[in-house]
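Only one chain is included here, represented as structure tokens and corresponding to the form predicted alone.
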């Protein structure tokens, strides 16, 4: 990235910078490895919903995974086929459900009986039949940060299997609902493939439960959650999709003609994005130096929200290393990116790159302190 410093200095900081060549390389590998097994991949817009990025992803033939009505609309704007859009979320509004119904999306991933009843009511008004998949809670621990673990019984997401007999009894009364599949999503930033093996075994058990009730499902959706290497983004810029897809090919028992769907987000775009910021001041503290930069939790909230690690580089300096706390300008003690980090001697106006910010960076930006939303730039424009 350091060869880009002269070009990057022309842009007002802070800003997001995206390497579209790396994105396309990543997409090519996902396409190749998923096609080996005939798997269906949906890109999770919650990771990054920028139109230039979405349009590239769409060109590789992937579908879209949405968690809001606006994400459904953004997917359509980017050119995704409505028949390749799945819509999840524990709190879909009537307006959002109507957007999905009017556009005949592939599936609503339903998370509760009340939601199922509302979808049926709205579908009846539109004289439509809504295709749904039950998001089931498999009680599989993703072994990740507790804020991004979603598959345990105490999480707010999904329907517990102990309630399913009652759910099926209600389903028989809902004439505008067509059950087409089951859906799972156990968490995010998962790097241990054994977790996915456990998910496969649990999905097999659940599918057999449906089979014994003579319910045969057109598709299974196992969600996403595959992690990236935040510690070594340059060395490990593309996740091991080959092993990831092979786990499901080896351990998940599909029925004849049954389709398997995935919802990948972070692993698609995480490594292609960086947050570029400039040093405003270097302040001497009692035990450390503070590199105060012009980006903050308003541009990348992950370190404050999840205690997340991001590799940080000084793009302007090759001087001897010193220890710094890299902090932002926001009036919150949580507004820091890393503490006690070794960086080349850092001075005012040095450019700093916070790596692996392509996912859950720009899309979570805020205007706290009435700050402006940072702009995005792409490698094809440099």
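Just so it is clear, the structure is predicted and the values come from calculations on it, not from any experiment. Positions refer to the first chain, counted from 1.
Another form, the form predicted together with a small molecule, is not on view; read the next lines as being about it.
Visitor: Which one, 131, 92, 266, 261, lies within 4.5 Å of the small molecule in the predicted bound form by heavy atoms?
Guide: For this set of options, the contacting one is 266.
Visitor: Only one of 105, 119, 203, 88 comes within 4.5 Å of the small molecule in the predicted bound form by heavy atoms, so just point that one out.
Guide: The option sitting close enough to the partner is 88.
Visitor: Is residue 224 close to the small molecule in the predicted bound form, meaning a heavy atom pair under 4.5 Å apart or at it?
Guide: Residue 224: yes, in contact with the small molecule in the predicted bound form.
Visitor: Although the small molecule is absent from this view, report whether residue 306 comes within 4.5 Å of it in the predicted bound form, heavy atoms only.
Guide: Answer yes; at least one heavy atom of residue 306 falls within 4.5 Å of the small molecule in the predicted bound form.
Visitor: Is it the case that residue 365, even though its partner is missing from this view, gets within 4.5 Å of the small molecule in the predicted bound form, heavy atoms only?
Guide: No, residue 365 sits far enough from the small molecule in the predicted bound form that none of its heavy atoms falls within 4.5 Å.
Visitor: Check whether residue 271 has any heavy atom within 4.5 Å of a heavy atom of the small molecule in the predicted bound form, and answer yes or no.
Guide: Judged by the heavy-atom cut-off of 4.5 Å, residue 271 is well away from the small molecule in the predicted bound form.
Visitor: Select, from the options 245 to 253, 158 to 166, 182 to 190, 72 to 80, the stretch whose residues sit within 4.5 angstroms of the small molecule in the predicted bound form by heavy atom distance.
Guide: Single hit among the candidates: 182 to 190.
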